[in-house]
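The data below hold one chain only, encoded as structure tokens and taken in the form predicted on its own.
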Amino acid sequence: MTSIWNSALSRLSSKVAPQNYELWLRPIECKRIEGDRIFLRAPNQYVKLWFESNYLPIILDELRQEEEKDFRVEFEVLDLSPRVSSASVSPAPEPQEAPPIEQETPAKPPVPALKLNPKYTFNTFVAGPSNQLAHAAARAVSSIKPPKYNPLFICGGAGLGKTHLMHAIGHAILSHSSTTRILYLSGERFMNDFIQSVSTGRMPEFRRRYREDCDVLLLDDIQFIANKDSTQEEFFHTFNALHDEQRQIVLSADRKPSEIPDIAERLRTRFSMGLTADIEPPELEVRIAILQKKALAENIPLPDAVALFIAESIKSNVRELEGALIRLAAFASLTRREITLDFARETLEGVISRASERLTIEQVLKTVADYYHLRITDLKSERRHKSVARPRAIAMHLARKHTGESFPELGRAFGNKHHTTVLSACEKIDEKLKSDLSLRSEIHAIENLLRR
């Protein structure tokens, strides 16, 4: 009967990377199958947890299709390594040496290499009102010792320049001191390195690498460790060790620390103890400047009219903006045609149409007004009665969430209100959503209407 399991495992092997198969799938042993119960054995708790979270549902789905029934899984964990057992409970800041493992020593986990993109420097970053604070703070932490802002927490949506600033900080620090030990990696890489170090019994090396052999830690997409309790526990101690030694920590995420779900409160407070710098979607003038700077760097002839057309069509994502320019240049080169406004419209039709599929502020205003039986002019007015103020705040929250427009642009769309008014409304709704079930229900209903 175990051949059923082996067959499903074999089919899955073609869908995952070889190193992941060797690390997380091969160690799982199927002891027997009795009726609808599968008895598995894992070498340690971490392999079991990772396998259950990432691969077991896929295999059970394969078995369901093959055998036309649902299987239940029962796990046996060997826990051969004392290091794995102790680390999985509570990683201590000063670990005691564990007895040697009486088995073949696995290969040493790779040290995260410092791979900074040479194009991501402060000279190539276009600063404007939407990213001014983040840009200034990034420059400050690149030159001030001891750290003035520690940690620096850069937050913003995808494709707005968070990673660019992280790389620029690394380049700037190395230009001042080439011997500075910098670690740049993603939250996912930190988690994978931690799990592999635990499973191979090399936690002392892991902790030495991140806590002692590191002067500056640049950790991108920290939101990835949300809901990863053991990784959060380890990062908590890593953060404390670096902070106590006044070593610079720079973190980035797609949202503010207070908005990241499933993060331990003690980590949330540490993320907020330095400086939090938002990056907003760039204004029209900044988008044009980004295109012109990119065109100059790539030697692309870009007429002003074409730059304006692209900048007006793609508003919320710098990466898409630059991607459209590269696509335009590639098509011009391949077809040997000049980049003109007509050529840009023809070439970027698909890209622009996808960008225009995003919700607009007017769509949000209309949907919210209809839901609360109001007029759009009510939402744009100065009326402060609760019957209008609350729907207006919800509309601002949804417009910010689903259009990606900057706070100043949202303010103009809501009757020329100051951007701080929009910011305050969005923050109040975000805070209320944590405990107000009625508000959650209303917003969920409005979002369903927006998707139609």
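None of the values given here were measured: they were computed from a predicted structure. Throughout, we count residues from 1 along the sequence that is shown.
Omitted from view is the form predicted together with a small molecule, to which the following refers.
- This chain lacks the partner; the member of Thr163, Thr367, Ser313, Ser186 within 4.5 angstroms of the small molecule in the predicted bound form by a non-hydrogen atom is Thr163.
- Only one of Ile326, Leu174, Leu133, Ala158 lies close to the small molecule in the predicted bound form, with a heavy atom inside 4.5 Å, and it is Ala158.
- When contacts are judged by a 4.5 Å heavy atom cut-off, Glu322 counts as touching the small molecule in the predicted bound form.
- Using a 4.5 Å cutoff between non-hydrogen atoms, Val318 counts as a contact of the small molecule in the predicted bound form.
- Put simply, Thr124 is close to the small molecule in the predicted bound form: some heavy atom of it is within 4.5 Å.
- In the predicted bound form, Phe206 stays away from the small molecule, with no heavy atom inside 4.5 Å.
- In short, of 174 to 182, 233 to 241, 333 to 341, 150 to 158 it is 150 to 158 that has heavy atoms within 4.5 Å of the small molecule in the predicted bound form.
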